[in-house]
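Just the one chain here, laid out as structure tokens, in the form predicted alone.
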Amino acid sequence: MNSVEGLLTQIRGLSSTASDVLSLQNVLKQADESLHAESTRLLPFLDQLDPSKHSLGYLYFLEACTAGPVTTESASSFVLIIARFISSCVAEQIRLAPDKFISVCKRFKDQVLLLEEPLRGVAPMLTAVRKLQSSTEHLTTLHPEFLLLCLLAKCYKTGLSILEEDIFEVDQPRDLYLYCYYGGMICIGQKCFRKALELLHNVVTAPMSTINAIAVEAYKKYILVSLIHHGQLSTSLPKYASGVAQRNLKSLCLSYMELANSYNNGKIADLETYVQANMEKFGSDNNLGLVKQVVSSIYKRNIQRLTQTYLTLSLQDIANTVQLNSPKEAEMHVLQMIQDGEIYATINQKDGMVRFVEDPELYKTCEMIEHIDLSIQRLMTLSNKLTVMDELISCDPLYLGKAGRERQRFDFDDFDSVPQRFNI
């Protein structure tokens, strides 16, 4: 215990200036093994440190305290201690030991889940993400942990706040997979299907040397959301998707591909029959709710088809064509689609006729001009980012080494072989 007391004295004395904290970091690294050996007796010493002043030292003690198994009884107190630390710690200090901070935050997540109270972890984990980030463009290992808590607590709007930020820096590839997958699920929960498709698409087309479970589950949801949002599914992945994904994803998601084929036929009865026959499969994948939304969306898709053929149509004709039960049900579908901006139409209540019209947007309102201006600015920022990234890659030794090896395969400096190659 004397060594622990001495370490506490050093922590209190070396937490004032940046140079002192760097010296403290070396001391703590050397003491880390002994702290873990005393882990079961360290908890009382935390009261002798101020997390807002001695953040780095407090972090080392807290990480050692939480390294062992945690019971439900002790989890409740640890959750309070860690939440208080996350709230008051100094970002500049905890970034000197990011692995320690990430470990503590992940244990915090495990503990709130052990208590079955994910909501308690949402706000502290968001704070942890912000303190660990070097900028809003930086994707940390804690991003997926935060989004998972948002999902389990059904705090979708809180999760959306972080998904609106553009990401250009990633610590680990797995973080990107989970971030986009959980983010896609949060967007689905908020019915932000366009953003959900974008995130799921990133998972499916991300570089991968072997197929992984995250990509497979993401592709299943990608198929369903494509049908809901676009009313169709592209039969092939983009060329920039990895060869592994191109070869394997469809065969691993056959039930969903067959669902898409049934959907494309436009026959509601056939689609419902297929869903009923595969109810257990979709349920075991936790996708049954999405599948039901796919079935509901086929009515919208069939109504949208009518707008391409007719200028006016009665509600009764719409109900008959789309296979709805009554004109009233057809009216409710049309009204909802008008409200969502999916079709442009007017309904004459007197004679029950629907008149389909062109998009009324003239693109000259102040709101639309501001929207276009913001889009242009965002594209210019993205273009500048890509230019900088291209310059960095072109100077990267690993890239240059690989590019050089590839060039040698097509190098014809060996003049002795030229006559053979060109039959001279």
Partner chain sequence: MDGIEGASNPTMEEMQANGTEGVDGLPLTSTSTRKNRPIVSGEPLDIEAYAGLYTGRTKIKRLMFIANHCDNPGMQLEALRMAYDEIKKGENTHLYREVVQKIDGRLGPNYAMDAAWGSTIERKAEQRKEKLESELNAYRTNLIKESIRMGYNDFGDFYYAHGALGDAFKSYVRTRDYCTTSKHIIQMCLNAILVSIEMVQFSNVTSYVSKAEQTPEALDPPIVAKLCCAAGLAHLEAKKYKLAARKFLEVGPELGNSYSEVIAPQDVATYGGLCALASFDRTELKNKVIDNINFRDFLELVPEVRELINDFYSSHYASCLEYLGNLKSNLMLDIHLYDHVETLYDQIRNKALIQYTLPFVSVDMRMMADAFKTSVVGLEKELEALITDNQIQARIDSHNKILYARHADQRNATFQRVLQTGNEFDQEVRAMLLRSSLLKYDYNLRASRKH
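Between two forms, the rigid core is the largest collection of C-alphas that superpose within 1.5 Å. Positions refer to the first chain, counted from 1. Quantities reported herein were computed from a predicted structural model and do not represent experimental measurements.
Keep in mind that the form predicted in complex with the partner chain is missing from the display, and what follows is about it.
**Request:** Tell me, yes or no, whether P173 is in contact with the partner chain in the predicted complex, where a contact means a heavy atom of each within 4.5 Å.
**Result:** Residue-level check for P173: yes, a contact with the partner chain.
**Prompt:** in the predicted complex, does Q293 have a heavy atom within 4.5 Å of the partner chain?
**Reply:** No.
**Prompt:** Is P207 one of the residues lying within 4.5 Å of the partner chain in the predicted complex, judged by heavy atom distances?
**Reply:** Yes, contact at 4.5 Å.
**Request:** Could you confirm whether F168 comes within 4.5 Å of the partner chain in the predicted complex, counting heavy atoms only?
**Result:** Yes, F168 is a contact residue.
**Asked** Looking at E331, E342, E198, D285, which has any heavy atom no more than 4.5 Å from the partner chain in the predicted complex?
**Response** Filtering the options by heavy-atom distance leaves E198.
**Asked** Taking the partner chain in the predicted complex as the reference, which of S236, Q308, S135, Q349 has a non-hydrogen atom within 4.5 Å?
**Response** Spelling it out, the residue with a heavy atom inside the cut-off is Q308.
**Asked** Residues in which of 371-379, 35-43, 22-30, 49-57 have heavy atoms within 4.5 Å of the partner chain in the predicted complex?
**Response** Of the options, only 371-379 has residues within 4.5 Å of the partner.
**Message:** So, a 4.5 angstroms cut-off on heavy atom distances: do all three of S15, R107 and Y256 pass it with respect to the partner chain in the predicted complex?
**Reply:** No, the whole trio is out of contact, none within 4.5 Å by any heavy atom.
**Residues of 364-402 having any heavy atom within 4.5 Å of the partner chain in the predicted complex, listed in sequence order** = Heavy-atom contacts within 4.5 Å come from K364, M368, H371, I372, R378, L379, L382, S383, K385, L386, M389, L398, K402.
**P44 C-alpha moves between this form and the one not shown by 2 Å or more, core aligned** = No, the C-alpha position differs by under 2 Å between this form and the one not shown.
**Request:** Inspect the rigid-core superposition and answer whether the C-alpha of E33 shifts by 2 angstroms or more between this form and the one not shown.
**Result:** E33: C-alpha displaced by less than 2 Å between this form and the one not shown.
**Message:** Relative to the superposed rigid core, does L22 relocate between this form and the one not shown - that is, does its Cα move 2 Å or more?
**Reply:** The answer is no; the displacement is under 2 Å.
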